[in-house]
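Here's a solo chain for you in structure tokens, the form predicted alone.
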Amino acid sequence: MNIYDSHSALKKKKISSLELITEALKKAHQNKNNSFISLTSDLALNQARTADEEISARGPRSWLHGIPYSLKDLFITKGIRTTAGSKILFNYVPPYDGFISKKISNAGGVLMGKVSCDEFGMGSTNENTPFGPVHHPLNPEFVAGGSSGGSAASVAEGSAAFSMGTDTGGSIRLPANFCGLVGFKPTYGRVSRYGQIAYGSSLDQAGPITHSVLDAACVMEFITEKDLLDVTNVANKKMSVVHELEKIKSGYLKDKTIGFSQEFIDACDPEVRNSLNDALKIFENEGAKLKNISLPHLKYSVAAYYLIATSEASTNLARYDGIHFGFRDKMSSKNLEDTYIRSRTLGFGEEVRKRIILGTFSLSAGYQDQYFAQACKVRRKIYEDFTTAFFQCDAIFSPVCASVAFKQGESKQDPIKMYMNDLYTIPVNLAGLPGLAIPFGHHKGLPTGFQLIGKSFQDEELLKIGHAFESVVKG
């Protein structure tokens, strides 16, 4: 079930939205992947009936009209529980809709429910949450990836045609890659963050997980409007690229220059490396020029990221104090300070507490210049590396991860190794660039793939290159 074909079937009245939603709900109940935190069955059925009435009278008003979708539980939804995958917001029901939920609702999308994520988006495996781990739809012994693991699993299992995730250091692209899906992280500022629960404010960006690049473009048309409620949302024209993608043939790649680092590819596991080299051969066979580029500061990206992201998280999560809203420990709290301490200690999981402590230390007196300020300087160097590289190429080809999906529990055994697996995705967030994960190949039943990195605010061009490659592979 994908957006583009479902839209066409709805338009021709070959299928109804109610039939789509009924089938999606059936799959949501059948699958045991633990993808949903809150399944909104009644709401979805009511929205589907309304959509069918509207489509019958006037036809679909958008690509998303009558299409089932899921939302990562970091997006604020009026009247629907929003937990951020955390105990501290376990029963929080927002009184308003955020930008993403409002725009997709206005486009006629049918909300299936809120899906699981690593707590506050902190993790790569979707195991860091009191709601339990999300299982890989193809093999439950493996993780679906994180932090948007519930988003990827819901699309892969068929309980949603697309899902909205968030990407702070790869949290859209990694689970998409693990589950054999397309994951698109737009340029920072291209999509409003209003109503998106924050982890790292200068890094977070919402984006879709879909079955195809064309489907990703269908979603992007409705979430790229200017939003005056988000000061980081850059005034830019609304994305309108679907009809251009429909016309693209494989010849589009001719004379495009694709940059890559052989050093990064060689560092991957053999099964991933072989898939990456095969993908590069396809680009070359289609007439693209391959250019080996240098990105010398990317090796420092993980260290810089975990200082910047945790520092911002320390600030953003200070509001969860056990007083204003969310979880409060009422046992043995002697005074206000004790209430703060106990509520935050019991409300936050281990990974979140760890990152808050690291971020608070990095911002503390005497250490801010030594750690946080230095990380910001490295971030600038990484941006300059990309800027220099883009003088030589139209897009950069890169692994998403050095391996296929991890086994459940592996991250607990070696957390540092898990952090280092973000090496390929983190630089894109530090530089604020668009990144597109595309599935390609399998190893022992698990998907492999790659990502394309584009120039700042040239998201449409990145989607065109990705769609052209996808068209060649799918025939």
Partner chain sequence: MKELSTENVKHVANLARLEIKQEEEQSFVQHMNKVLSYVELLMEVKTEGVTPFFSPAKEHLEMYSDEQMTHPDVTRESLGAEAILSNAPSKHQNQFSVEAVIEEN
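Residue numbers count along the first chain shown, from 1. Not measured: the values here are computed from a predicted model.
Unshown form predicted together with the partner chain; subsequent notes refer to it.
Look at 153-161, 240-248, 343-351, 398-406: in the predicted bound form, residues with non-hydrogen atoms within 4.5 angstroms of the partner chain sit in 343-351. Of the candidates K289, R273, H211, K381, K381 is the one whose heavy atoms come within 4.5 Å of the partner chain in the predicted bound form; the others do not. The contact residue chosen from A107, A303, L138, L111 relative to the partner chain in the predicted bound form is A303, the criterion being a non-hydrogen atom within 4.5 angstroms. Interface residue remark: Y188 is counted as part of the site for the partner chain in the predicted bound form, having a heavy atom within 4.5 Å. Under a 4.5 angstroms non-hydrogen atom cutoff, the partner chain in the predicted bound form has Y419 among its neighbouring residues. Looking at V93, you'd find a heavy atom of it within 4.5 angstroms of the partner chain in the predicted bound form. In the predicted bound form, Q370 approaches the partner chain with a heavy atom inside 4.5 Å. Residues of 278-300 that come within 4.5 Å of the partner chain in the predicted bound form, judged by any heavy atom, are H297, K299, Y300 in sequence order.
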